[in-house]
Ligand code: AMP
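The form predicted alone is given below as one chain in C-alpha cells.
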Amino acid sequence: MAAIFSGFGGILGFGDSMSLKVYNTLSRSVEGFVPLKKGEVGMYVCGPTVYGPGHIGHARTYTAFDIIRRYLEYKGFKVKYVVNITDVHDDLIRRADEDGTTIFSLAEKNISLFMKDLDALGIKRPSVMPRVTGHMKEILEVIEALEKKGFAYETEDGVYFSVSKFPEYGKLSGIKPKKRMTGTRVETDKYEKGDAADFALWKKAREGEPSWPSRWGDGRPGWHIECSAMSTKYLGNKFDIHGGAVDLVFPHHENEIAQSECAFGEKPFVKYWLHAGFLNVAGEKMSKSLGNFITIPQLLGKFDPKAFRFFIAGLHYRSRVDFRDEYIVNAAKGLAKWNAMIQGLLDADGKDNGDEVKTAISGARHGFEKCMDEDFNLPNAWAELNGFQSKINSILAAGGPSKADAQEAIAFMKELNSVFGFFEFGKKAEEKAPKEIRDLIAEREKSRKEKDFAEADRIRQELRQKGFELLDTPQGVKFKKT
C-alpha cells in the first residue's frame, strides 16, 4: 500500500501538521495546526435543522468543510468527522403543525432528502451523524452537571444557563452581554429568568408539543445544549476542530463554549474554531421574502452538482460567496477543460518528453500543498494547478506524453481528486461514444483511406450536427462533444 500512495505529500509524513496553518476564530489569528493526538483529528460541524430541504447555503458550508476534511485525510490524518442532525426544534414543531404531521415524520423525510443531497454533491458521509432525539440522556447529563456546579437555574418554563457566572462569555464573538437596566435577579425567585442574556438549556413541555421526561419535568432541550452533548460524546471533552457557518458564531457557538467549558472544565474545549463565510444570491441575502431562496434539490435540478462543487472549490472557505447562475455555467466550462485534459492523458501514447511531465507534477504538487497549508487557500492553490494544466495541454498538443508519463499525470490528478471529488476518469473517448457515432467515425476513416474526401467531409458534418467534433491528431482521430 505504501507504494500506491507514495505520491501523497501528507502520507509521507503521516499526519505531519507542522506546515499546516488555520485561521482560528477564537484567537482571531492564523495558527499552526497541532492536533491533540498525533495523526488524528476530531472534527465537529453543526448540521442542519431538518424542518425543510437543505438550501444552497448549506451546500456551500458542507462542501467547504468536506474539502477541508478531505485535505486533512490527504495529509495523512485519521479524521473522525461528526455532523449533527437537529430533529427537534421550534421550527420543526411549527412546520409539522402547518403540514398536519409529526416532527418525527417530517424529520425522517428531510433527513432522507439531506443524505441524498450530500451524495449528489460528492460530500463524503460523516463518520457519525447523531440526532438530538437519540441523545436525550447525554443532553440531560450535561444540564444536570451545569446545575450542580451552579451555572444553571430552574424557572417556571425551563432551565437556563446563567451567563453572568461565566466571565469569559463573548471570547469567541467579541460580543458581551448587556446588563439589565432593572437590576439583578432576586436569587430566591427561581421562576424568574435571571438576565436577558441567559439562554435555555431545557424547555418545559407545552400542550401539544413533543416532550421527554427530566428531573425538571417533561420538556425538550434548548438549541445550543445539543451540540455540547453530542460533540463531546463522540470526540471527547476537548477536541480539535469545530466548524460551521459564520452566522453561528453568535449566539450558538458562543453558548456552546460557555456551557461546555463550565460543564466539563476543559478550556478551551475546542482548540480551533473554523467558520465558512456567508452566501448571497445575486448580491443579496438569501430569503424567501426576496424570492431568492434556493433549495439544494432546486440547485441539483438545474445544474450539474460537480459544477457547483467546482465553483465552491475555487473559493476560500472563509470568503463571502455571491451565487449567480452564470458563475455555475462558467464553472461547468472550467471543469470540462480539466476533464478534457484528463481524457487526453487517458488516450495518450505519444513521444517521450524527458522529465517535463515529472517536473510539472512535482511543481504542481508542491505548490498545491503549500497553498492549502495556508488555511486551505484554494484560490492560490488553483493558480498553481492551472499552470500545471497549461503545461500538460502544451505537451499533449505537441504529440506527447508517453503512455507511462501520462499514467503518472493521471495518478496525480487522482490524488487531487481525493480532495476535490469532481474530476472524471472514464473510458477512452472512443469507447464512451455511442455505437452510432463510432460507426460513423469508422466510415469516415475508411473514406479517407480510399481518398473519398468528399464523403469524409460529409460524415464530419453529420457528426458535427450530432454534437461531435472530430480532431485529427498525430495519435489518430479523436473527438469531443460540442
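Here the structure is a predicted model, which is why all the values come from computation and not from measurement. Residue positions are given as counts along the sequence shown, with the first one as 1.
Just so it is clear, the following notes concern the form predicted in complex with adenosine monophosphate, a form of the same protein that is not shown.
- With the partner removed from view, the residue among 244, 400, 219, 305 that has a non-hydrogen atom within 4.5 Å of adenosine monophosphate in the model of the complex turns out to be 244.
- Checked against adenosine monophosphate in the model of the complex, the candidates 46, 440, 456, 26 yield a single residue with a heavy atom inside 4.5 Å, and that residue is 46.
- The stretch from 445-453, 27-35, 413-421, 56-64 that comes within 4.5 Å of adenosine monophosphate in the model of the complex, counting heavy atoms only, is 56-64.
- A residue is said to contact a partner when one of its heavy atoms sits within 4.5 Å of a partner heavy atom; residue 286 meets this definition for adenosine monophosphate in the model of the complex.
- Interface residue remark: residue 212 is not counted as part of the site for adenosine monophosphate in the model of the complex, having no heavy atom within 4.5 Å.
- Contact annotation for residue 278: at least one heavy atom lies within 4.5 Å of adenosine monophosphate in the model of the complex.
- Adenosine monophosphate in the model of the complex comes within 4.5 Å of a heavy atom belonging to residue 248.
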